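Quick heads-up: it's one chain on its own, the form predicted alone, in structure tokens.
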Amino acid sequence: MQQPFKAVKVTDNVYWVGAIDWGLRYFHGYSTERGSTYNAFLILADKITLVDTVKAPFRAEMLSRIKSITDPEKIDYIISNHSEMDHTGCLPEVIETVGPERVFASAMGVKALSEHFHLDREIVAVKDGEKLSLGNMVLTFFETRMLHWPDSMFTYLVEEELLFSQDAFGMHLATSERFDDEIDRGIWEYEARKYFANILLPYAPQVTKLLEKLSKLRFSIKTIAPDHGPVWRRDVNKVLDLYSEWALQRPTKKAVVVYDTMWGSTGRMAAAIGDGLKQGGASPKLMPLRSCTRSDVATEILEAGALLVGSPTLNNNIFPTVADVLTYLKGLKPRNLIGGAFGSYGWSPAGVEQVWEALTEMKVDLVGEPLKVKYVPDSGSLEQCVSWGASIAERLKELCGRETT
């Protein structure tokens, strides 16, 4: 039985034909409490063109949306902007169903698709800046390597001034609304920031270079159509500005305090440190790992200036939840942070020392020495925690002052 899904008009000649994943709560490492979308777009040109596909389980939904405006077998071209499986999972089956004249990808995309699917047909490689005629319209391709895979590229529809941006400018957000101006700004700005922090942060220098490249090309962008989340038609310049700002990772007075605790001692230290940070003029954000995910932590760090990590010692090692979040953050490569390590211990302070080593590997500018308290902190120890937090706040104010001069 044919599913009754409908395409959504984006412009006069472009339709959204993707899928909504309402139930997604975990996406390769980060929590997606609001689900996601897998966006695909159909260009109704002389050469009908499908830009990206969807995750394999959602193939029928995408094809149903395509059928609401045209016969899928009329599709002439398929463009693969990004080879990750949430955008190509059903590509082999779609190629078999549609029988397109040609399928296009970047040179690295051709390699990735071949290694993913071992296809028995040619995928045509396009070069950076290459144009493709659709008869009455023209596409231009731009390589965006490592945003966030080596194969990644943008596709620009000249006549509609529309940029198909694959994973850039996206977010994990499942809604029945397809456009940014239909969604509460507080929601989309948070989810866009979370997406940048958890997906694109390691490639922040490439983001800056890409935005400079787009500026030099001087072509107008009226619409940005990413592969996840809403299509940008009102706040196009706003999201470009946000990416520019996030990529720089300028430090702020926010200090993120991440910790876990076994019997409450490290938690008491964290609370006292937070009070000291506040007294010193910083804005503390305490994140107990019993209620915060690793992706929540990454999101808060994106617009922070300090990272303080607390851990008890378990079996002469760092506490497992703390080890988890530090491993995750190390891969994201945040920059321009000061920080420190703290924690309670019994007979071995190894947990705190391992936190210090991990922060050193992350190139966090560490303040002073690790703050250690044996067993339960007394009033003197808590005063020491307050003072430690205040001293870090002072360093943070100095750092932020240098950034604004």
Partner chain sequence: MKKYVCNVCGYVYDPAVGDAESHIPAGTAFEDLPGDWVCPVCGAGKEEFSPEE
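Predicted, not measured: the structure shown is a model, and the values here were computed from it. Numbering follows the first chain given and starts at 1.
The discussion below concerns the form predicted together with its partner chain, not included here.
- None of the heavy atoms of residue 97 is located within 4.5 Å of its partner chain in the predicted bound form.
- Although the partner is absent from this view, residue 374 stays clear of its partner chain in the predicted bound form, with no non-hydrogen atom inside 4.5 angstroms.
- Taking the partner from the other structure, its partner chain in the predicted bound form has no heavy atom within 4.5 Å of any heavy atom of residue 28.
- Among heavy atoms of residue 234, none comes within 4.5 Å of its partner chain in the predicted bound form.
- The stretch among 271 to 279, 201 to 209, 67 to 75, 168 to 176 whose residues place heavy atoms within 4.5 Å of its partner chain in the predicted bound form is 201 to 209.
- 108 is the sole member of 214, 183, 248, 108 with a non-hydrogen atom within 4.5 Å of its partner chain in the predicted bound form.
- A heavy atom within 4.5 Å of its partner chain in the predicted bound form is found for exactly one of 116, 254, 145, 193: 145.
- Residues from 338 to 370 that approach its partner chain in the predicted bound form with a non-hydrogen atom within 4.5 Å are limited to 363.
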